[in-house]
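In structure tokens, one chain follows: the form predicted on its own.
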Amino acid sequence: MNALEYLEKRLEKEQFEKIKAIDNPELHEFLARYIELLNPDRVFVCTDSEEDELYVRWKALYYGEERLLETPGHTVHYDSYYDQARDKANTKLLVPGGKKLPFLNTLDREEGLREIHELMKDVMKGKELFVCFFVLGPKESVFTIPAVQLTDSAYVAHSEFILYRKGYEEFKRLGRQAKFLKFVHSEGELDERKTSRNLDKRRIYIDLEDETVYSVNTQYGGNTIGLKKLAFRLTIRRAVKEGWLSEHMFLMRVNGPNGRKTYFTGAYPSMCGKTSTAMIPWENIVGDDLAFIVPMKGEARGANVEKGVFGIIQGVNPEDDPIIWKVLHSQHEIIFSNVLIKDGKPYWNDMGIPIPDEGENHSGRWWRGKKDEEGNEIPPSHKNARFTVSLEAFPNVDLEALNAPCGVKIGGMIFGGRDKDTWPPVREAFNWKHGVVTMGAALESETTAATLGKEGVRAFNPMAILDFMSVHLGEYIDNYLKFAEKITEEPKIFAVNYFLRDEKGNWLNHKLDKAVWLKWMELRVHGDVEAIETPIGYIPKYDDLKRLFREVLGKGYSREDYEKQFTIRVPKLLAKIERIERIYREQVGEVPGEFYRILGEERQRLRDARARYGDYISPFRFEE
């Protein structure tokens, strides 16, 4: 029998009619193949109706993957104690012959498909399969990419309804023209807490050729929410092939003088200030994580891939994060994951208010001082605990930009990471290519709890995208450099560093100083203020920052603080260039020739400055 005949035989009539309404034989064949392999007891097909979304939310509670909290609309979900972050080791790109790519975890495609299909055979027996349709990017636009998700986790399906735009009607509209991405997930066998049991068989395999992602024996969102970082690998590959950019970037509006609106994208590794930057109360958020950027009529136009936030909750407090705090205490629909629950209320690390001494968290029943099997003390919530909420819940969301079919014009692009001793707090590249090479492609950051492994290690992470790369890094950078040839108005590129310390280990930035750096960048995009030329780009003038600190934060800003922050640390910067060049020559291999030319020019500028001014150069020296 053909695919539709099989689906008619296997599905209940109402669910089959939903599939039959989509005229796409490729979709029918995909569904038939995996329904037969997964072998669920029943299948529910989600349309764009509110009833279908409510059904999924109810099933997340019914199956015990989520539980109600005291505030209406709030639920909590727990992942297994050892399933709390992206599993980099078991996330593999399936490529023919297992071709090796720098920094990427590859596996022979045939071998990987064979293994994952064996793990998934009958994995949904006794369970319900949810078939969900979504789109990446705004609907009916140049950014739109349709996607279909198969999952036996109502929590995963519920999360995607919050995070992504519904796509059933788009599939119907596009019919056979839909060039869609495919995701197959099973949480596998569950334990008594309704968390994945067989973590030794946790696998996340990404088939680049067929644009299909497989995920099994895991529930953590970064491993299972298909349209997020898993789809990201597929869209990066598409973007490089087609000449646009799919980036690990927020998209926000910075409000300039006289009502001016300037849009910025920003790439930061996890826990490096990305979300808090995008959420500054007096600016406007469009997206906090992923952006598509396309050349359009000479401009770089950007759109948020998503419509919600899957954010890290640790450290969110009313003083530093007033917008997020307000949202988390509203009655909007929110899924809290891996936090402490006491009397129906969520608590998390460093939230700025007293936390109960006992309750329930990702380890089960919890009390202060509890230790895990390795003897490590268990904190109230996991350091990678999350909240999932729609952007519409945020009072400062720019809804017009979020839903704009043609996106928004990008005025500036920001790269930032955790760097205790090298980069100044903010600087501007001389031009697009200088920024791409010395700021984006040279990005390093200390590792955090968002991925499994040791924390606090300085890690090479170009464009904050290395964990998600799916093409050769040299090819990716070449696409970035060539992107400027497709536009007549280049976005200005900036680098920021919120984590600079002095020689005693004291912070040189306050958490809210980023708001001042943003205002300065907005002014630079429009040429409203001058800047100081240094060997590594343009930095702010002291008088401009002093004024902005007063206007934006209502506080003073001393010449001493400015000098400490914006000193050009020549030995550290030269050492960084040596590290970056060595990585590219020894580990990356083939990259565009101009990459090394631009890096070499920066090295020479630093050497010349050292010969004239010494190793540590005050910013005031460059104004003499």
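Quick note: we count residues from 1 along the sequence shown, nothing fancier. Keep in mind that what you see is a predicted model, and the values were worked out from it rather than measured.
Below: the form predicted together with ligand SPV, not depicted.
The partner is not drawn, yet in the predicted bound form one stretch among 519-527, 177-185, 366-374, 224-232 has residues with heavy atoms inside 4.5 Å of ligand SPV: 224-232. None of Asp419, Asp289, Glu283, Asp152 but one reaches within 4.5 angstroms of ligand SPV in the predicted bound form through a heavy atom, and that residue is Asp289.
Here is the short version: of Ser270, Thr212, Ser276, Asn497, the single residue with a heavy atom within 4.5 Å of ligand SPV in the predicted bound form is Ser270. Looking at His158, you'd find every heavy atom of it more than 4.5 angstroms from ligand SPV in the predicted bound form. Taking the partner from elsewhere, His248 is found to have a heavy atom lying within 4.5 Å of ligand SPV in the predicted bound form. A residue is said to contact a partner when one of its heavy atoms sits within 4.5 Å of a partner heavy atom; Tyr220 meets this definition for ligand SPV in the predicted bound form.
Although the partner is absent here, Arg86 lies within 4.5 Å of ligand SPV in the predicted bound form, judged by heavy atoms.
The three marked residues, Phe310, Arg386 and Phe468, each reach ligand SPV in the predicted bound form, with a heavy atom inside 4.5 Å.
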